[in-house]
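First comes one chain, alone, set out as structure tokens in the form predicted alone.
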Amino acid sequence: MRQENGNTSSQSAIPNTIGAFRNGATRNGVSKANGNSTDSSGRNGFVKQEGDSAASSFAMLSSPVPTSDYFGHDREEVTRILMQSLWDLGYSRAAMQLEEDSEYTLEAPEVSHFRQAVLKGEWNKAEKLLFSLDIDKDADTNALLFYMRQQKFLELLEVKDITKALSVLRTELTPLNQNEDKLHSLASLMMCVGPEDLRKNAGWDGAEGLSRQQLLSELSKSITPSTMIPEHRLASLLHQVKQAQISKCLYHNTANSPSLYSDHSCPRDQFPLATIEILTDHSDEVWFLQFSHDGTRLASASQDSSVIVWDTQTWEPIHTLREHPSAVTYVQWSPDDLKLLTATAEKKAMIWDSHSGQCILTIDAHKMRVICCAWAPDGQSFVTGSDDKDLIVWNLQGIELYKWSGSRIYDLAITADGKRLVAIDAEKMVHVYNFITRELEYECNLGSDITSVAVSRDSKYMIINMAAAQEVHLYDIETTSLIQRYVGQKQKEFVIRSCFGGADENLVLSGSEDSLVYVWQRENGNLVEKLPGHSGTVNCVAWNPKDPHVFASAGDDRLIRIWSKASQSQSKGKVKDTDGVF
């Protein structure tokens, strides 16, 4: 599909589209054991034989002489973090024994008292104790007070003590000169009809929930870590170690957490680098691909005016949807995979029963080509974008629910949490709408022609193809920050669509005008592979959401290539490439 100011077609005919919380712990309520019981099964592969002494079982580790550091790490820091971790793991006797043996304390008494005051809702005491602690010099003390007094205000509302709540709002919260919008929002909560309504509107789980623990966690971020160790510190450090190893693993493609027993590495032969199937049923350029959410089917949209639904076990066609009036620019599975939504270059959007292959609804309201479409996560509505500058929300009966106007829409996506709609247009703009209220949250000019947008499963990130820059960019949807650039692919004239990929969406894939498929590591932008096979532009790539070892690519060569591990068996007829790769 070609990027043009006017229409969309292929290179030859139709103008192509476009362009239990514990931060450390206290000993309250815990009695110290006289000693530990013997585990006859042993630990870490060591089994104590009858008659052996403990010293002989662990002779290599016996009686080390304490040094000022621990293999280059501060001994006190390591010991206190281990204490906190033992409490987190539920090994209270071991934690207390370590404290006794090391003569280090997990935290000072005033920290323990502050913790208990917050968790018990003793707010006046908590405020006094807070300022007896070592607060970070850059911390906003008024903001810390605001957090505590906000909790106090909400708890008073929860028990329907409106008079005291109002007093806290006026005499304690307002003088802190914090976010005025937040104050108005808190004031509006006084109109809630009961505790349940309050908790729902405040996004708060109440005094008996986790709110006090969450408050303590937030406050602890502004207390120096040597005074109050950040919560679950060892777990955080281990996570960082694992992420560092994953980032160095070029072919990482598993959702399983790496073992701590050994350094992590994924073998290249387990990565989908080989074409295992070539699907040849389309008679013209293939413009779009999407796997069903359950991974059992693949839908492909083509300039030949058809959509083909493929069985991902046999790679045989299940249905060929030929009743489109013109080239099909886009196809989307409904959240339950029971329907398919298609967009056409002849002003129409259509909904199909994915099992029978029958068209059940046609939208014929746009004045120009329908370029893109997307389902709402609840499956009860969908959105279409068109060259006629309309972005329209429809219900399942084809009734218009809402319309934004003003921009020629090139692509759109709705976040999985249903909160945001992201749209890109011909003027190099990204528009982010609140999909619930329909309000525009923000828009920004990226300074480059943009051709596609995809959002991550966690609804936090989006990748955008930058045609002029010939790059794919990763953005934080909330902050609009540019997180990463993926370079190498070629794109000037045609629409290229990228996707997240891999077992944990740790990869980014894109087609390219140089006939290659590009695969990058999402976190660091390292190029994993450039995969040959297509002839002509590779228009679209799609990763199977249920099988981390399978993805598909589609191109102007009318072919769909299925990629997997080289050892993956082929189920359909083999088609041999000129380079000898199947």
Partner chain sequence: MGLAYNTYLDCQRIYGCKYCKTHLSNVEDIMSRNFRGQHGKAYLFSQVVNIRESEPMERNMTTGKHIVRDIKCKQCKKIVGWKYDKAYEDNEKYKEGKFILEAELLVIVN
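Given the structure is predicted, the values throughout are model-derived calculations rather than measurements. Residue numbers count along the first chain shown, from 1.
Beyond what is shown, the protein has a form predicted in complex with the partner chain; the following relates to that form.
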query: Contact at Ala374, Cys444 and Ser498 by the partner chain in the predicted bound form, all three, heavy atom at most 4.5 Å; finding: no
query: Residue stretch of 432 to 440, 357 to 365, 406 to 414, 477 to 485 approaching the partner chain in the predicted bound form, non-hydrogen atom distance within 4.5 Å; finding: 406 to 414
query: The single option of Ala299, Met83, Val472, Ile450 touching the partner chain in the predicted bound form, heavy atom within 4.5 Å; finding: Ile450
query: Candidate from Asp387, Glu277, Glu107, Asp304 lying within 4.5 Å of the partner chain in the predicted bound form - any heavy atom; finding: Asp387
query: is_contact(Thr342, the partner chain) in the predicted bound form, heavy atom dist at most 4.5 Å; finding: no
query: Contact flag, Thr329 vs the partner chain in the predicted bound form, heavy atom cut 4.5 Å; finding: yes
query: Exercise: Trp287 in contact with the partner chain in the predicted bound form, heavy atom 4.5 Å; finding: yes
query: In the predicted bound form, Phe494 touching the partner chain (heavy atom, 4.5 Å); finding: yes
query: Partner contacts in the predicted bound form for 531 to 557 (non-hydrogen atom within 4.5 angstroms of the partner chain); finding: Asn539, Asp556
